[in-house]
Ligand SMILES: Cc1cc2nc3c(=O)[nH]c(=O)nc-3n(C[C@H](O)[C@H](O)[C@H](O)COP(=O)(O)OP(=O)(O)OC[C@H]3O[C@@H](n4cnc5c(N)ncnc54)[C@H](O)[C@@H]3O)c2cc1C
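First, one chain by itself: the form predicted alone, in structure tokens.
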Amino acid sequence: MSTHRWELEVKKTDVLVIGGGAAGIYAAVTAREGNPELSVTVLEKAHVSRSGCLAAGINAINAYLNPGETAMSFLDYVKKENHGLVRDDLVLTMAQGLNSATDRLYDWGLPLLKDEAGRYLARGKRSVRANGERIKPIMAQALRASGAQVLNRVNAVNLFVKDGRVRGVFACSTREEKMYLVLAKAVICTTGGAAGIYKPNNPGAARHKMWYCPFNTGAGYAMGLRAGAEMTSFEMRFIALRTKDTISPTGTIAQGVRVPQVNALGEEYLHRYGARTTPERLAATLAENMAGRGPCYLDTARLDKEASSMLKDAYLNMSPSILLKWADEEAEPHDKPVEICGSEPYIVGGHGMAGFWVDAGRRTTLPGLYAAGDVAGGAPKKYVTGSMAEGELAALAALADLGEDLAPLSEREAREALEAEAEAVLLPLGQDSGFTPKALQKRLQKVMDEYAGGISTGYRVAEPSLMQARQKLRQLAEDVALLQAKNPRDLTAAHETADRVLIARVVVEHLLHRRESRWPCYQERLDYPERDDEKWLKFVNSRYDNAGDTVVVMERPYEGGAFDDSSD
């Protein structure tokens, strides 16, 4: 395909939100409500009505402060789950916005169940039940009502940085031969985390049956890295404990109908390992398998018919594939236990801690750029409402900073910048030979699975294998220049693959640097098997040096401390 046919367009907005998920939509709505005179634009790779992690719905709000819980108790819980190392300031400010975000969803029309006292029906200490299959259309409707503009099916590829400040983003349509430079006074990145870096659980056509949204490919991380942003905690990968084959959430069973994890002998085993946290429950399951007592299950055979029916209803709101499996097997949940397994690792700041290094206002280290949701690091356990709370914080900070004096950019300057960027961004369309995005991604996943702690190695890593990964990823990075594309869809896939390769390189450097084992399965070193708070109760951060094509790793101290809990 010739690239000369591509239309180039410069657009302007006051606030640009990249990504139309929970954080992005709430950031846009907050910005419009904060100043209705501002133009706010949301740029979304898919379609905001059914995009990202919430596309299939939810059956619970997993971050909510039920009676007896406070923002401080939520921080204590998150710190315990994450083995003592989180950004306390980020988790606390996020927790303070959980309940108002939940109320907002209810006001928008999300069906949240209530008890006789009018309180949301609790599923656990920090969660409430929801019939949330339509959560994304409901949020998209609120976004449209706010007056924000939406550019659907447009893929952000690079930040536009001028005079040391982020001034917009370069982006390509995923369906038309059209490339944009969207100029903005403030840019809020909410693109989500990264899937598809490691070899997935299922092969072939079922490869996208995974825990995390397969279309979240780390664009925000990669754009930030190429622009020189500081990132944190890429070594703390997230690995979900899921139902085998369908990769459905186990929390729907464990918390929803409360049955235990058992091994192949029918024995409850978590107590053997003192497993309480999410990674510990996964590690205990792997240990049972290694001891010859696997596979392991959630024992739904203990359910009565009423609870079994309730479980099916809950899955219909979020993960209907497991119902299709039961139907195919002509079985009910109470007929037999549900087998469980670990997923492939994901790089994600909403469950793990990987992402932009931000301040309490979610300002990144790049002036003019803010980050919220899965793409922001240091604050796990966000889920829907935590991501919304971060979107609100980012929008409020952006509004407060809008008064900063910016040198105007002329139409000619913007056009010249877009034309120069188009030469590099559209390059795969002119390649006559090289690699397809799919072929290069398979190579990437094989490297990461075998040498950087994938499923096949029980998620554990050691320096010799990581050094192999580093070497092989360097070759892959060189081959990125040979990616081919025939149409806008291929071009999107080519940029997604390039982004994943860069992110994988950062992950490996972080895994090499942290010489302890802090998080079971998520970050576990065979050569440094013990947790070492004296040396490693700190954050591993990094920047990508474009000129040297190297990842520069640094350390930042953990700064816990006393906080004002009066807001609870």
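The structure presented is a predicted model; accordingly, all values stated were derived computationally and were not measured. Residue positions are given as counts along the sequence shown, with the first one as 1.
Below: the form predicted in complex with this ligand, not depicted.
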Non-hydrogen atom contact M353 with this ligand in the predicted complex at 4.5 angstroms: no
Any non-hydrogen atom of N216 within 4.5 angstroms of this ligand in the predicted complex: yes
Distance check, Y383 to this ligand in the predicted complex, heavy atom within 4.5 Å: yes
Contact test in the predicted complex: M231 vs this ligand, heavy atoms, 4.5 Å: no
One stretch from 95-103, 409-417, 183-191, 72-80 that, in the predicted complex, holds residues within 4.5 Å of this ligand by heavy atom: 183-191
Position in contact with this ligand when the complex is considered in the predicted complex, options A452, A156, I239, A379, heavy atoms within 4.5 Å: A156
Sole residue of V40, L43, V507, V501 within 4.5 Å of this ligand in the predicted complex, by heavy atom: L43
Contact at G20, N59 and S387 by this ligand in the predicted complex, all three, heavy atom at most 4.5 Å: yes
Members of 69-106 lying within 4.5 angstroms of this ligand, judged by heavy atom, in the predicted complex: none
